[in-house]
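Have a look below at one chain only, the form predicted on its own, in structure tokens format.
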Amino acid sequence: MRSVLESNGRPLELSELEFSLISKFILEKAGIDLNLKKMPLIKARLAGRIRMLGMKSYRQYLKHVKDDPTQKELVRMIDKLTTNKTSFFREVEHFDFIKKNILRQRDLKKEPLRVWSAGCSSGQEPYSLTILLKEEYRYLTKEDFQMLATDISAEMVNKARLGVYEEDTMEDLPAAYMLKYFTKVAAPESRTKYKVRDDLKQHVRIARLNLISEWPMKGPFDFILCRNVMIYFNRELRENLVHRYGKLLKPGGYLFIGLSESIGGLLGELEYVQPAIYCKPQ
């Protein structure tokens, strides 16, 4: 295994004290709870940036992040430390539930649908949902359905806005969906890429948002997707987020979390519906 090197060729070591300082800082700024098992991850993911800046230690880099008045380096740091695993129609059970229990009970011309994807990563989740809406409602307009999609990672937000995906990341999409909702684009490399069509994009507004900061939107939302996001947060922060989500949901609205996640004991005013789905009572 290659060692992490300083710019002068010597090994770049991450001490437990430096790890403690970095993890405390990231918890404060982004709500991400990093335990000691994540120490190799922090060491590896920040090493390249430290070398690029010509720095000699993780402590020096942390000082640089704190001293940056623009906070651009903080954004880069968060981008390096967050994992963004996603795919189209991931955890399809949720999309089936939305189709059967929400969309087929709804006349969007009388009652438009408003949704928030909180942790949209590179955009597959909001675009998957929009495809589902397009399939259910033939003449769907921008007024019928609007979706807010946010993520803490500036890199992921840019990818979601661009809406360009490599062919091998779209293998779970039916061929008919690729023809209807994507356009093949020329790429300098050999891999085929597809771009989301504008008539799909028009329903999705994408923005960078730190979930532990103030939220500019007021809601209310018919449902909120916060899937595979709260696994990075401690219990106190998860409880706070669930409470804030509840406030932004319409009565009868739903909160979806990841199938591997649990908010048992943190429900507040929400009620359990089925695994990873919770409802705000009417």
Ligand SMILES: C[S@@+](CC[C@H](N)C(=O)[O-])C[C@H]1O[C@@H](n2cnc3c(N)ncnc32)[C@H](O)[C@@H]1O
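In this text the structure is predicted, and so the values were computed from the model without any measurement. Residue numbers run from 1 along the displayed sequence.
One more form of this protein, predicted together with the named molecule, exists but is not displayed; see below.
Contact check at 4.5 Å (heavy atoms) against the named molecule in the predicted bound form: all three of G119, D151 and M156 pass. The contact with the named molecule in the predicted bound form, taken as any heavy atom within 4.5 Å, belongs to N210 out of T183, N210, Q202, T169. Here is the short version: of T192, T141, Q71, T83, the single residue with a heavy atom within 4.5 Å of the named molecule in the predicted bound form is T83. Contact with the named molecule in the predicted bound form, defined as any heavy atom within 4.5 Å, is confined among 29 to 37, 43 to 51, 247 to 255, 60 to 68 to 29 to 37. Within this chain, Y232 lines the site of the named molecule in the predicted bound form, having a heavy atom no more than 4.5 Å away.
Among heavy atoms of R90, some come within 4.5 Å of the named molecule in the predicted bound form. Although the partner is absent here, R238 sits far enough away that none of its heavy atoms falls within 4.5 Å of the named molecule in the predicted bound form.
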